[in-house]
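Below sits a lone chain in structure tokens, taken as the form predicted on its own.
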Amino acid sequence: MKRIAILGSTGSIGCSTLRVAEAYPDRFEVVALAAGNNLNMVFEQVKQWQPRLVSMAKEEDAEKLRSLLRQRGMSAIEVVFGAAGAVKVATCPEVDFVVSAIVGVAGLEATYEAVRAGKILGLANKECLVAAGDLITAEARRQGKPLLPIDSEHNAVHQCLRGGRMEEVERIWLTASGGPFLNKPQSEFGSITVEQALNHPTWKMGKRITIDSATLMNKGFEVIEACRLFHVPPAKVEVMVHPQSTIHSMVEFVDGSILAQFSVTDMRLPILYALTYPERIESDMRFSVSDLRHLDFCPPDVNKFPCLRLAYEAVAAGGGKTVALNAADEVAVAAFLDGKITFDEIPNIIEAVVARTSSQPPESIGTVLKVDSESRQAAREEVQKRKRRVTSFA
């Protein structure tokens, strides 16, 4: 029986993890949950799973949850809140495996402390590795515990790497759908509306990640993740546009062999893989091989999508550059969604902020958070310079 904690239990990855646990009740016990502000959903999760520990983002929600649990005769369940509460969930002594799925740097401290506490980590929070990947991977090596990727692309790479040794790897290939503007002329990027940018051709995701997919910044973040998870230089990680999103990733070996991973596009599969590694257990998730009839590939246009270039440059420079990349992107995307800047100004703001940031490696999570805060402020200043109400185009 594997005892698990979930950071971000009410998000899509958290809910999918609970579905996996529900399907294999003899294998998994849900011991601790950390959630955001969705009190009603957390209450339902707690009623079903009866964990020993629950954390809410806000103190007032924690108090409301305590009251609801007392009314149900479940007052033995400990309820905590805030960043300290999430850390308590991540380091709970009864927990073997922590799923890190809190979006953004809000989950960074708890994720790092889970690794420090010797937990096996299933990582679905890309911002953690982008902002503090060197610190997290170094600590995991010290603890002798694996970091198991839940992101479909890196989970696919992890599976392919079981076919050879790291020293035999020539190149890691990450596939990208290309987003909604793959065939749109760059000259028209300034007139892209929020509605158009949120209309992803393949996936239904949150707003920020959907915009990041449209700019290819999401794929840039994945390049950084791959470098840090698999300890390879950026020159060994390549992106290939694959609109069908059938093949999740590929690994090329020195003899010319290429292993590709494809499966149903269901996040329960990479979650199950991570939770049961190094085993593989039976599931009902099946891929129709007939879907392989038509596969397209082409290289990305980094002039048209400069965010991908900026990610490569940031990870090559290292240090605070990747922290600034993530922070500036979050601010710039929010400004675009709020109608304060145009779509084509997103990479300009990111580039300006990263250029102002030192490549000095952060010495601690506290330093990472300081650089993150400073970068967000710098990005807000860049937004103010460009701020204008964007006209809605037909």
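Numbers follow the displayed sequence, beginning with 1. Given the structure is predicted, the values throughout are model-derived calculations rather than measurements.
What comes next is about the form predicted in complex with a further copy of the same chain, which is not displayed.
- Look at 244-252, 118-126, 80-88, 217-225: in the predicted bound form, residues with non-hydrogen atoms within 4.5 angstroms of a further copy of the same chain sit in 244-252.
- Only one of the listed residues (283, 193, 177, 210) places a non-hydrogen atom within 4.5 angstroms of a further copy of the same chain in the predicted bound form, and that residue is 283.
- Contact with a further copy of the same chain in the predicted bound form, judged by any heavy atom within 4.5 Å, is made by just one of 312, 181, 262, 230: 262.
- When a further copy of the same chain is considered in the predicted bound form, residue 205 lies well away from it, no heavy atom lying within 4.5 Å.
- When contacts are judged by a 4.5 Å heavy atom cut-off, residue 164 counts as touching a further copy of the same chain in the predicted bound form.
- Contact annotation: residue 296 falls within 4.5 Å of a further copy of the same chain in the predicted bound form, judged by heavy atom distances.
- a further copy of the same chain is not shown here, and in the predicted bound form it never comes within 4.5 Å of any heavy atom of residue 137.
- The partner is not shown here, but in the predicted bound form the stretch 171-196 reaches within 4.5 angstroms of a further copy of the same chain through a heavy atom at 173 alone.
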